[in-house]
Ligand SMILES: Nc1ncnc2c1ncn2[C@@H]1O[C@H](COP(=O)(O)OP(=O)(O)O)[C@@H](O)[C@H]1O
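So this first bit is one chain, no partners, the form predicted on its own, shown in structure tokens.
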Amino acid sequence: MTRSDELLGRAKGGATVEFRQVSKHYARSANGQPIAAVRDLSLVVQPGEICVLVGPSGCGKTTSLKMVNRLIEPTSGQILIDGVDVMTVDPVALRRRIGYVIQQVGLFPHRTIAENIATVPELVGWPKAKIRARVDELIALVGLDPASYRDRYPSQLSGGERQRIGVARAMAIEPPLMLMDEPFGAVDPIVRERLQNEFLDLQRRLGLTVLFVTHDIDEAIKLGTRVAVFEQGGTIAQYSPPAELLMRPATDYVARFVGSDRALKRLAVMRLADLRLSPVSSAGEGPVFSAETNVRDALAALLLAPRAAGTVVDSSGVPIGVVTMETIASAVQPVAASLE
């Protein structure tokens, strides 16, 4: 078994990623003194988690991400994937085993969608029949029709469709780790929300570990299992689950970065399944929500509904209760009080 096989050798499930006092310095000052892009970064991402790196431009988010697949190499410290130091692995083999998605997508314009997705499987020597099957599987997995899309070129797709294909290509050899750098930043807000929702569903089904870079705190709160808030100078101000970030910001900087509407943002990480719902009436109640719908989205829908009530259903579509404006208000009051 090669070192790259030992690293990320699993076909299914997510990898563990650990940063141990990782720093990256560049000699950019007038006197040649090194300037830190990332300073003493230490954090652990558990299998199946989405770790979101968020912060202002130039704070070291993308540098941190690129050090994982050695597009940038650390000045000091260690980055371990499933306990293996990435610096001990051939960088080309390493990159072929890690999914990588960027904002500009980076599809090859002269290759069809099928050929784009097949790039890495071809490089690692998969049989043609296996590649064809995997291409069709992935196109369908990201919500597109293989028969309609496999022979198209990137220029024939919308921005949202190209982004989906970029995700499909990154998943071609079933990587247990995905690196995503502002992947939805180049599409309009409506498409962006749809892609976020589809990505969350896909990640939950496959159990991938994801490192995700964004400058948008709302996106970080929505997608992240844990969120790392970076400061200028390449240090982390707080690393915690989204709910803790909103309820207990570690510093004034984090509180300002999260925003004054923390109580409203908190609704985005609360699910209807967590509320004390009213009994279901035989006649049914207004709009229908999944139990996994977040409270903020439910509130927005109820404000537009003829009746300020909706039915909540489980994964099988069976009604489990009714959510009302009063239900949400009773859940929000202690949250708002704790943020005062």
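This is a predicted model, so every value here is computed, not measured. A residue's number is simply how far along the shown sequence it sits, counting from 1.
Keep in mind the form predicted together with this ligand is missing from the figure; the text below concerns it.
For this ligand in the predicted complex, the listed stretch (309-317, 58-66, 272-280, 292-300) containing residues with heavy atoms inside 4.5 Å is 58-66.
When contacts are judged by a 4.5 Å heavy atom cut-off, residue 50 does not count as touching this ligand in the predicted complex.
Put simply, residue 37 is close to this ligand in the predicted complex: some heavy atom of it is within 4.5 Å.
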